[in-house]
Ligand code: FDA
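Next comes just one chain, in structure tokens: the form predicted on its own.
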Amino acid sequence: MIKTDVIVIGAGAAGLFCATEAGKRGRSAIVFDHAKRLGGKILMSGGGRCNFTNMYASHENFICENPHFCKSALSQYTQWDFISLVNEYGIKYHEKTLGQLFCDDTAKDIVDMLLAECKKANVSIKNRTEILDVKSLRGVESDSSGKPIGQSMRYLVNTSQGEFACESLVIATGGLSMPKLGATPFGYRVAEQFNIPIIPTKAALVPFTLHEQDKQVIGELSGISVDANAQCNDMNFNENILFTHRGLSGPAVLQISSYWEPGQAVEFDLFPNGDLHQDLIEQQSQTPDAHLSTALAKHYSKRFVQAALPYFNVANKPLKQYNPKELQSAAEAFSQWQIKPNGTEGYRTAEVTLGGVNTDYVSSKTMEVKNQEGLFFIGEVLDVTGWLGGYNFQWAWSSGWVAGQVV
């Protein structure tokens, strides 16, 4: 059996960052992961360029049953702190939109930086390792072979590489999204083992699927992107949406999916940065003989207009033939489009998992379980879900950092 100060289960963004911080304090740390490749989710994020943080990150960009939980960690380790580390390694990056920062070259730059930090901090990383079980050593004085463990050891982790004992155990195994990258419910099972409730989980930041009658039309628009304001449950996001052969995707759709509940409608304003009704009134006055499709083609692709007009049940005739009520109705068809998704694409394509370990049982300052000394949960396994745009990575850095100061 091997003894160490800290064991981190999960070699993702949060886990590696936490282990590094522990190592900087002189703590011996081992990171376990069952995957063959380290940082798989980092490598594929942001189209392979990793949207590693957001310049405007704050607690308001996160969904949690306790809306104040994120404040402490995000203030202790901010986006500017992580940007400073990125600068220290000379990684080139750019702002894409809305404060989203991406690597200029490849997400591998971030993974390489994390592994370099681990090496400097003497962190041991053991991938391709299966965790067989986790046990509390309260009242236990020996391992399975009867050998004394030591009073400072609190947890025994039985792995495919043998038994390991530690003072501090950190669960950084993420959620259920993208199972092809190795996502499992392991972290939730550990929480339940120690009587910590789980807030019900669901796929978030995920495309919508549609009912057949909608998919028949929208599937023909596959590949077309339009600016839109998506609204549902008193939330709205003003970005673009993407029509796909399966349904609806794009930033505005992914964002609003975190707030949508099955059976609800989502409203899209497909002219979000202006007044389409007023625009059509002006075009009616200036070019009365032009058809509505021609007027709309100034703002949308012809292919989109040709499919949208019959789908919205809007007649295509010269503008001069529309009375004021008809013109208003035509504008509202585009600016107040309501559609009921059939569902989502689920965890297979979801970027994150909504719900998770109940934060009421976890210290917001350290990520340590309040009634279980030495046990920590960090990153996505917690009931903390960020918006699209680098927020979830910032939560990984912040929660990992604060735990790393005390494990």
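On a predicted model such as this, the values are computed, not experimentally measured, just so you know. Numbering starts at 1 and follows the sequence shown.
Beyond the structure shown, there is the form predicted in complex with this ligand, which is absent from this document and is the topic of what follows.
Verify the flagged residues Tyr77, Val86 and Val407 against this ligand in the model of the complex: is each one within 4.5 Å by a non-hydrogen atom? No.
One stretch from 335-343, 66-74, 26-34, 368-376 that, in the model of the complex, holds residues within 4.5 Å of this ligand by heavy atom: In the other structure, the partner sits against 26-34.
Pro318, Gly182, Gly99, Gly219 - the one with a heavy atom within 4.5 Å of this ligand in the model of the complex: Filtering the options by heavy-atom distance leaves Gly182.
Find out whether any non-hydrogen atom of Cys18 is located within 4.5 angstroms of this ligand in the model of the complex, and reply yes or no. Taking the distances in the model of the complex, the answer for Cys18 is no, it never comes within 4.5 Å of this ligand.
Though only this chain appears here, would Asn392 touch this ligand in the model of the complex if you measure heavy atom gaps against 4.5 Å? Answer yes; at least one heavy atom of Asn392 falls within 4.5 Å of this ligand in the model of the complex.
Does Ala172 make contact with this ligand in the model of the complex, using a 4.5 Å heavy atom cut-off? Yes, Ala172 lies within 4.5 Å of this ligand in the model of the complex.
In the model of the complex, does Ile9 come within 4.5 Å of this ligand, counting heavy atoms only? Judged by the heavy-atom cut-off of 4.5 Å, Ile9 is in contact with this ligand in the model of the complex.
Quick one: which residues from 273-302 get a non-hydrogen atom within 4.5 Å of this ligand in the model of the complex? Nothing in this stretch is in contact.
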